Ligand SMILES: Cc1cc2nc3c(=O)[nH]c(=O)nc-3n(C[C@H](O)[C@H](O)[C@H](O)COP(=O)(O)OP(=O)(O)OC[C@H]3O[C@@H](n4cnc5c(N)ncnc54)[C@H](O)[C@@H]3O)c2cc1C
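In the form predicted on its own, a lone chain appears below as structure tokens.
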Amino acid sequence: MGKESYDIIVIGAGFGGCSSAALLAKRGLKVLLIEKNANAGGKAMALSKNGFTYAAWVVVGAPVLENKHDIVLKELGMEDRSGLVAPGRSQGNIFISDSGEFKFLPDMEQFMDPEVMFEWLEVKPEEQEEAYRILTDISLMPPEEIAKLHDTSFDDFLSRYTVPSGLHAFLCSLLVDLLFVLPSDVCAASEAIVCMQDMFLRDGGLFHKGGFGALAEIYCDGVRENGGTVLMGTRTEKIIIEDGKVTGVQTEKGNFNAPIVISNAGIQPTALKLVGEEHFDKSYIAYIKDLVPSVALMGTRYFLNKPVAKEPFGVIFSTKSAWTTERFAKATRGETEKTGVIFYEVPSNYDPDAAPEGKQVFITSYWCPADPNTPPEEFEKWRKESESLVLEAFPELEDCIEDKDVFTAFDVSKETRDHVLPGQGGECIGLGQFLGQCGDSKPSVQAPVQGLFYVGCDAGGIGVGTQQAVDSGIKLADTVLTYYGMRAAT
């Protein structure tokens, strides 16, 4: 196999790669999609074991309304194949009060019922007027005002208010820490507010039957059914550049030619490894190396012989759990506790086929260093501290475990993002939605090499996780189609 020619080659079947590949194939271009793993979906790929189906970690989509996946599925004419599920407002969120009580979120008729929320978060009556003002300002802020906050951290935005401690924990732990895997003192307020509006106004908490990876497989089918080719289990070794132009890719199964290559492998692994520094200006390489990824997630998948949780997902947090840059650095150095916010997901509570009858897989996720070379014993310290809190919240869990898998930043880097820079590789999202990396400062989807483009969470999109990646995929498909047309006309 090798030397076949295509209009476009897409590297990586993460959500940015497979969505853009499917859209471009649908629009009439000859597309080759190459994925190194056996399954599509990137960091959200679906896994299975002993009759259980699950993702590597907690994967929550948002919003339910105006979802980017719906846009792609509609253009592909594949809406009827989707298994997107909105399981409703989770009462699985657990607020640990200052007195140590584990308080499950009460039932609410609407997603954000302030009165119920404030009682749950122990917001005092005299604090509620300010709490209302904060939530109203976030929910109703117009786009032109949000755009002014690209260089303002979410913490700095909150400093404009007197924020009750419980509400601060909700906004920073349950939302920022979960949605961005990034400390709120460096997370761009613009990104945070856009995504909070999605959660508050367009409903949060979207899942997919069979895991989100099953949706990525549908996009791959969209490539095939529109005349494209998908090569799974095929590692791309090199993007071939000749005279400053992309000419194709080198893989373990041979070479393939194309004048356009789209990489979903991450900007840093693409530029530094697949292309090579020699093909870029030194200032661009310096810029690439300075880009900052998100923090990593690790966790445990507990395979249980009976159900212990009633809700599909939840967040365990307190007024002390929100991460800051300083606290995370101290925790990494062993100078303070490593326990912060904890996320959990129970797939069979929204997808009955995700577990054998009468059983559950209970997935936990929590922060850890992104360096895949972190010693295993160090990852174990993070696991033990977080697991003790999980077992306190769900005391029945420990006696129901028949098997468990632990995953760390090492596994994430091995299966998804190549380790090319010190301390990086195992990050949860890719490039973080940091100050200086959002809005007009977001990395461009077009590389300074003719015919080379980036897609995914590293460039061009906005949103949470797979939403950001697919938003990038939609926008990139438009950009590349225009580029292809202009190239064909010259």
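No experiment lies behind these values; they were computed from the predicted model shown. Numbers follow the displayed sequence, beginning with 1.
Absent from the display: the form predicted together with the ligand. The rest refers to it.
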### Query
For Lys289, is any heavy atom within 4.5 Å of the ligand in the model of the complex, or not?
no
### Task
Indicate whether the ligand has at least one heavy atom within 4.5 Å of a heavy atom of Ala22 in the model of the complex.
no
### Query
Phe407: heavy atom within 4.5 Å of the ligand in the model of the complex?
yes
### Task
Please check if Lys148 has a heavy atom lying within 4.5 Å of any heavy atom of the ligand in the model of the complex.
no
### Query
Can you pick the one in Leu29, Val59, Leu435, Ala46 that has a heavy atom within 4.5 Å of the ligand in the model of the complex?
Val59
### Message
Counting any heavy atom within 4.5 Å as contact, can you tell me which stretch out of 264 to 272, 193 to 201, 332 to 340, 379 to 387 lines the ligand in the model of the complex?
### Response
264 to 272
### Query
In sequence order, which positions of 293 to 315 have a non-hydrogen atom within 4.5 Å of the ligand in the model of the complex?
Leu297
